[in-house]
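Next up: a single chain in structure tokens, the form predicted on its own.
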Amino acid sequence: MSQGNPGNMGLCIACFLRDITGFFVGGSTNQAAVAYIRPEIVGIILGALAAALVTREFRPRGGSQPVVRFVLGFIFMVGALIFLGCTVRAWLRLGGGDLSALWGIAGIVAGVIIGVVFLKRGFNLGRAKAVARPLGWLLPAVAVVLLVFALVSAYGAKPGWATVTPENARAVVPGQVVVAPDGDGLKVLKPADGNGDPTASIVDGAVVADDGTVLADAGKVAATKPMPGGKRAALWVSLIAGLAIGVVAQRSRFCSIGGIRDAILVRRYDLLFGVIGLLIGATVVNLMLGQYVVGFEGQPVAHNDALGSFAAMTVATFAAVLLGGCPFRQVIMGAEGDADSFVAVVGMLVGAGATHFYNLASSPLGLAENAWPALGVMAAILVAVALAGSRKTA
């Protein structure tokens, strides 16, 4: 946040994967406000890869229920975007003083408990087997491709088909009126004609159309905050931070749900200390940087629908337990050569696009209109998957 990223989003795997999806398909999935290749993801993958190679822990493996893993990754992403954050960001939101994250954290605990019930019944997606070496390099190869696109977009010319949220752009009227910094003032990006030329301008701080119609008064323009995809730290800062995080995560086996799962299932607490350390560290750093704002209302990229947050995180966490780890852990394992985790990450990417295409993603105003039906359907699918997996191993 101090370097330019959205508030309380220091490491949200779901948010960052969603933004990457927006870069590639944002024009057709209503993701203009969240479209940018997040270098943090690239750095995490390459950092974890380097650590795995140095310690000889890079092992190409996979073949364990790939279709089911794709579905679980998809469901996790939809639930996370309804909550507005993954299981890592839930703790980071609380570390920034966002008390509305408590509802999501309660959902994380509930999701783990439900998942543990099925684990005790014998649920298992099967054991991964050694696979052809190129399959282990799938996620690292994707990271390299993403890095190339990020560099070209930042220092060259953005591909015409790609979508990138302009830096610090503001959606004054979402989808209709968008402005961005221009020197000491603002310029209008939307509305625009077929050639992309603005058909409105800034007059005394207000957005005024060419026919004189006031599209947004000066007060509304001044009060609008930058879109999430438009808030970002410098590319090299994000990349280096990601590399460091990837190395640490690979060596520590950090998982944002694994600690709770192990504490309940086998009375093992070492991974839980990692989550506690994350929360304490985030709180201390936010206090040091003057970014700690305690309360339920007005928190960055968050809503205060308690029941919706609880349900969304319950569904997302249940999916993550069945997968065998949170999205952060899936990314790390994919960097270690796990093709099954790569499939789960692909499911998350597709889920992000679908969530925005079908308008299921929440906003600071609250849950999307069809969020509850989607949560109900996903919960039913998860129970069916868990029951089927338990019967196979019973």
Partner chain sequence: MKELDVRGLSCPMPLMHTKKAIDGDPAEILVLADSGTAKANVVALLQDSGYTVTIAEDASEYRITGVRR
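Just so you know, these numbers come straight off a predicted model, no measurement behind them. Positions refer to the first chain, counted from 1.
The next section is about a form of this same protein that is not shown, the form predicted together with its partner chain.
Asker: Can you tell me which of 153-161, 221-229, 316-324, 167-175 lies within 4.5 Å of its partner chain in the predicted bound form, counting heavy atoms only?
Answerer: Of the options given, it is 316-324.
Asker: Within 4.5 Å of its partner chain in the predicted bound form, heavy atoms considered, which of 248, 294, 265, 289?
Answerer: Of 248, 294, 265, 289, the residue with a heavy atom within 4.5 Å of its partner chain in the predicted bound form is 265.
Asker: Identify which of 181, 298, 126, 277 has a heavy atom within 4.5 Å of its partner chain in the predicted bound form; exactly one of them does.
Answerer: Here the answer is residue option 126.
Asker: Is residue 270 close enough to its partner chain in the predicted bound form to count, meaning some heavy atom within 4.5 Å?
Answerer: Residue-level check for residue 270: yes, a contact with its partner chain.
Asker: Contact with its partner chain in the predicted bound form for residue 119, defined as at least one heavy atom pair within 4.5 Å: yes or no?
Answerer: The answer is yes: residue 119 has a heavy atom within 4.5 Å of its partner chain.
Asker: Please run the contact check for residue 261 against its partner chain in the predicted bound form: heavy atoms, 4.5 angstroms, yes or no?
Answerer: Output for residue 261 is yes: heavy atoms within 4.5 Å of its partner chain.
Asker: Since only the chain is shown here, I'm wondering whether residue 69 would be in contact with its partner chain in the predicted bound form (any heavy atom pair within 4.5 Å).
Answerer: Residue 69: contacts its partner chain in the predicted bound form.
Asker: If we check its partner chain in the predicted bound form, which of the residues in 39-73 reach within 4.5 angstroms of it by a non-hydrogen atom?
Answerer: Sequence-ordered list: 56, 57, 59, 61, 69.
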